[in-house]
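Only one chain is shown below, in structure tokens, and it's the form predicted on its own.
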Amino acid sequence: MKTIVTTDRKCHSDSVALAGEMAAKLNIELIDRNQQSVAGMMRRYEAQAVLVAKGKELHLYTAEGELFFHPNMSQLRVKNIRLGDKDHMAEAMELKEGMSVLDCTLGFGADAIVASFVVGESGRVTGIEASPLIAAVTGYGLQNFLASNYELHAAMRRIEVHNSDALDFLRQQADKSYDVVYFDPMFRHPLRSSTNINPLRSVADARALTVEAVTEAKRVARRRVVMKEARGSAEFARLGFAKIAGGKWSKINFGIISVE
């Protein structure tokens, strides 16, 4: 996928600096904006994606829409946890303060943020993202987005992001080096009602989770391997997730493999 990077139309100094940083980091071409529209730049430079630095934000444009980092539902989930409500993902992981989590499919980080909040300052959350573009947008957002409260702010800043293939990263980890290994692969049968996810599809890693990756995850995990998928998905059985958890009315479930 050909990608270019540019600034906002006003070319603020922050935007210029950030665009230059991303061009060097991702080894992609930096193009002067010159008041051009993003759609016009995509046509002119035959690019399938345009990364735009807007002040201290990164926005990624594709033919399917615009992507940018925002804590989104993680804000509400953290708020609900603080009020004493349960979170289905955190329950599936059996998360407690001080635990370590390896999120092998970081995406835009909502699940990692919730996990980071629950495990707290003494815990550790590492996020792996195969797409260099998504890793760049999410990694920068987690370190620079100004959250509405300190707990959410701190949870985001604690997440460590790596741009890597999940299986490659897992192979490099020692046995039982994380309490929980988590997967949220692109669903084999997408929930098209999730319109906010649709622009992600063209740049995300759409490969199915492999048995080999799950096997490596079981070696790396001290307690559990957890996978999110659509309710009723055949992926749970194919990959060996015999225990299923989740909300009674939810469209998604969590498969659990205990390794203790």
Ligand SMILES: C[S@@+](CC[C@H](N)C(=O)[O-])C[C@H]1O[C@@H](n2cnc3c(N)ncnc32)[C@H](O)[C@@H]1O
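Remember, it's a predicted structure, so these values are computed and weren't measured experimentally. Residue positions are given as counts along the sequence shown, with the first one as 1.
Omitted here: the form predicted together with the named molecule. The next part is about that form.
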**OP:** Heavy atom within 4.5 Å of the named molecule in the predicted complex: which of Met93, Ala155, Leu106, Val125 fits that? Just give me the one.
**Re:** Leu106
Subject >> Contact of Leu51 with the named molecule in the predicted complex (heavy atom, 4.5 Å) >> reply: no
Original post:
Can any non-hydrogen atom of Leu60 be found within 4.5 angstroms of the named molecule in the predicted complex?
Top reply: no
Original post:
Any chance Glu235 has a heavy atom within 4.5 Å of the named molecule in the predicted complex?
Top reply: no
Original post:
Does at least one non-hydrogen atom of Ser164 fall within 4.5 angstroms of the named molecule in the predicted complex?
Top reply: yes
Original post:
What stretch, of 116 to 124, 172 to 180, 98 to 106, 79 to 87, brings heavy atoms to within 4.5 Å of the named molecule in the predicted complex?
Top reply: 98 to 106
Subject >> Sequence-ordered residues of 206 to 238 touching the named molecule in the predicted complex, heavy atom within 4.5 Å >> reply: Arg207
